[in-house]
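One chain comes next, on its own, written as structure tokens: the form predicted on its own.
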Amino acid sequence: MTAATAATAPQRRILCIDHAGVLGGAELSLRDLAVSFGESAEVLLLADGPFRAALTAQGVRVDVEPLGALGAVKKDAGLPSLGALMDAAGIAKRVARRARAYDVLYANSQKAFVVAAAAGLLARRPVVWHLRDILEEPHFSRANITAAAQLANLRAAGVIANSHATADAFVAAGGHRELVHVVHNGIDVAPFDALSPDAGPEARRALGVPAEAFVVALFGRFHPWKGQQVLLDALAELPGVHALIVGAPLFGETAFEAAQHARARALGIADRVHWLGFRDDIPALMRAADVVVHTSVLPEPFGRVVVEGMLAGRPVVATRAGGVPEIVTEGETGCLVPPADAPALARAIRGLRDNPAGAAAMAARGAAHARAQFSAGAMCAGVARALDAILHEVARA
């Protein structure tokens, strides 16, 4: 079990629904929440994949109901086709049959919410949407933004937003403010506490990174908005600095990944870039770095990797947009730079490299802040309170 079990789980029957079978940040948060919900909860995935095994390993009851054509609909495209909607209607009927055994449907993604909204109507069960995306262009098409907000107004008993930035975007899209409860994401500290003092040096040796090199690390799936290209451009201004780039294309962005390998070669930095792909030893890899960077070029709904970098005891440099400024106080718990600004990123990294005592003090403040404000236990307790409040209002209605 994870540290999330420290939260007191109410004895309510919860059917959690997620559209993804891969392990992204939203899925890792759901894993911790599902553990905290206890044995009365079940997770229904609308796609199979590694996430199912991760849930099972934590003792969570899980099943799969394939999403069908709706799964291929992109959030930055137009509204779903008639065929996709018909598939969704069929899935909703099957989910509704399951839902009658539960008190509430908890949707962990937009596609999951579409299914849960219909299933909840058929089963006469309340639906809570955990909103983990900023409903803005170009993340989403205008049609999908409007549709999501209006569907929430019609069918959500409550919306849990993972940051104030996420909540504000929902309201700006037309969502009702009174539906929203803000609960920041939380990270389990146990994997970081379990690291040995030699974890960082050992990881460096295993990767073939010179012991004396200054190393920055970027973690996240390959996608243009995650900003791997920004780090590569910054690295070209930082002779001798090495980069660990950890992550893989989760939803078919292989062309973008290949383009970044070509970019590194063109910039003459290929020998200093270590492409590690998908890894499950994130805490140790963070310890192997001198600085953890976050380079998203569009507003990040929260910024899970920023908190992880803090918990690893590393100074962080992050993009000043979305939910990230709710985590980082500039100059105190980390450094903030404008989006898509490689020279600013290079300057921040250089400043930390050239002031090791200041970097260490910043890392210590960041670690203390992350432990106090963004633990998995705090997140689970916050979601439990939000569910209590939402279901109380449902009972009064």
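Note that the coordinates shown come from a computational prediction; the quantities given were computed from them, not determined experimentally. Residue positions are given as counts along the sequence shown, with the first one as 1.
Not pictured, yet referred to below: the form predicted together with a small molecule.
Chemist: Counting only non-hydrogen atoms and a 4.5 Å threshold, tell me whether H19, K93 and S109 all contact the small molecule in the model of the complex.
Modeler: None of them does, since no heavy atom lies within 4.5 Å of the partner.
Chemist: Would E300 show up as a contact with the small molecule in the model of the complex if we use heavy atoms at 4.5 Å?
Modeler: Taking the distances in the model of the complex, the answer for E300 is yes, it comes within 4.5 Å of the small molecule.
Chemist: Is there a heavy atom of A26 lying 4.5 Å or less from a heavy atom of the small molecule in the model of the complex?
Modeler: Yes, contact at 4.5 Å.
Chemist: Determine whether any heavy atom of T319 comes within 4.5 Å of a heavy atom of the small molecule in the model of the complex, and answer yes or no.
Modeler: No - in the model of the complex, heavy atoms of T319 and the small molecule never come within 4.5 Å of each other.
Chemist: Within a 4.5 Å heavy atom cut-off, is N185 in contact with the small molecule in the model of the complex?
Modeler: Yes, N185 sits close enough to the small molecule in the model of the complex that at least one of its heavy atoms falls within 4.5 Å.
Chemist: Determine which one of 263 to 271, 200 to 208, 224 to 232, 172 to 180 lies within 4.5 Å of the small molecule in the model of the complex, judging by heavy atom distances; exactly one does.
Modeler: Of the stretches listed, the one contacting the partner is 224 to 232.
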